[in-house]
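One chain comes next, on its own, written out as structure tokens in the form predicted alone.
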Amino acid sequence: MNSPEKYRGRLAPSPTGFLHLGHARTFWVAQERARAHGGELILRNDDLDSTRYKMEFVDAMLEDLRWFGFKWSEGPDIGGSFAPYNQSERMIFYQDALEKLRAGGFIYPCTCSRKDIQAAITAPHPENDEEPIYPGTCRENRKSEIANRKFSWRFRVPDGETISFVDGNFGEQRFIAGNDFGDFVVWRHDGVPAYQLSCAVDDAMMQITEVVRGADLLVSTARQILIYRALGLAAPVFFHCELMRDERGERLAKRHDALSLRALRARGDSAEKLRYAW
């Protein structure tokens, strides 16, 4: 944990759609854990996905969070000691981290597209992760092979090493690099840092002591632990929440408009009533 003297939790929504009830439940756990520890809750706007980000979702995000009963001590709307709290304004920090990873030999340029990776993979990717295991096509790229070509930066995982951590909800977690997850992108070919890098850098710089998020990101935690280690940063502790699912058993996503906080409020539901069901 980065700073044992003071608990610091965070909410880190992405403005790529309206927040739904699943987001609210996970965020509520984060807020309750911050309260239980007598700590602080920080709001960060993870707005790096320019292809899906819309300003209207930022305004709606703040409005919906306040309506549901969330309170934060630092954030893009009120500032704080670790500003800026919009990821789009923090590029200099991500670029610095990228250069440290490059200088340390932890990453390599990769010209593969998602289509290329899918075509090269014969075995299905792990059930507990949406990202297929990268086959290592570009691990030994020479400069001449990437000249004048678009490329992303990919983290070289230590094949065969077990990455373990104790989750505050699910207990001990163990993932084998190269088996449960492969080399992963830290910087996209369009010049945007990937989630794994930006999240790790910001959580460290904002001195987040515990990350509360959905169980779908358990494998991402193993990836981010490698980034923390490569950058010489102390990792926070983690608490992953069960995902909320619809009547068909599918996890909620932003396409579930009927269960967005905005829609629930419009039909007359109260935040207290929704929280009581938990």
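From 1 onward, residues are counted along the sequence shown. On a predicted model such as this, the values are computed, not experimentally measured, just so you know.
The following text describes the form predicted in complex with a small molecule, which does not appear among the structures shown.
Non-hydrogen atom within 4.5 Å of the small molecule in the predicted bound form for each of D46, R213 and L217: Answer is yes for this spot.
Proximity to the small molecule in the predicted bound form, single hit among I208, V185, C199, A97 (heavy atom within 4.5 Å): When the small molecule is considered in the predicted bound form, the option within 4.5 Å is C199.
One residue of F175, Y195, Y134, W72 in contact with the small molecule, assessed in the predicted bound form (non-hydrogen atom, 4.5 angstroms): Spelling it out, the residue with a heavy atom inside the cut-off is Y195.
Distance check, S260 to the small molecule in the predicted bound form, heavy atom within 4.5 Å: No, S260 stays farther than 4.5 Å from the small molecule in the predicted bound form.
G22 within 4.5 Å of the small molecule in the predicted bound form, heavy atoms: No - in the predicted bound form, heavy atoms of G22 and the small molecule never come within 4.5 Å of each other.
Partner proximity in the predicted bound form: L264 to the small molecule, non-hydrogen atom cutoff 4.5 Å: Looking in the predicted bound form, residue contacts with the small molecule do not include L264, since no heavy atom lies within 4.5 Å.
4.5 angstroms heavy atom contact with the small molecule in the predicted bound form for P13: The answer is yes: P13 has a heavy atom within 4.5 Å of the small molecule.
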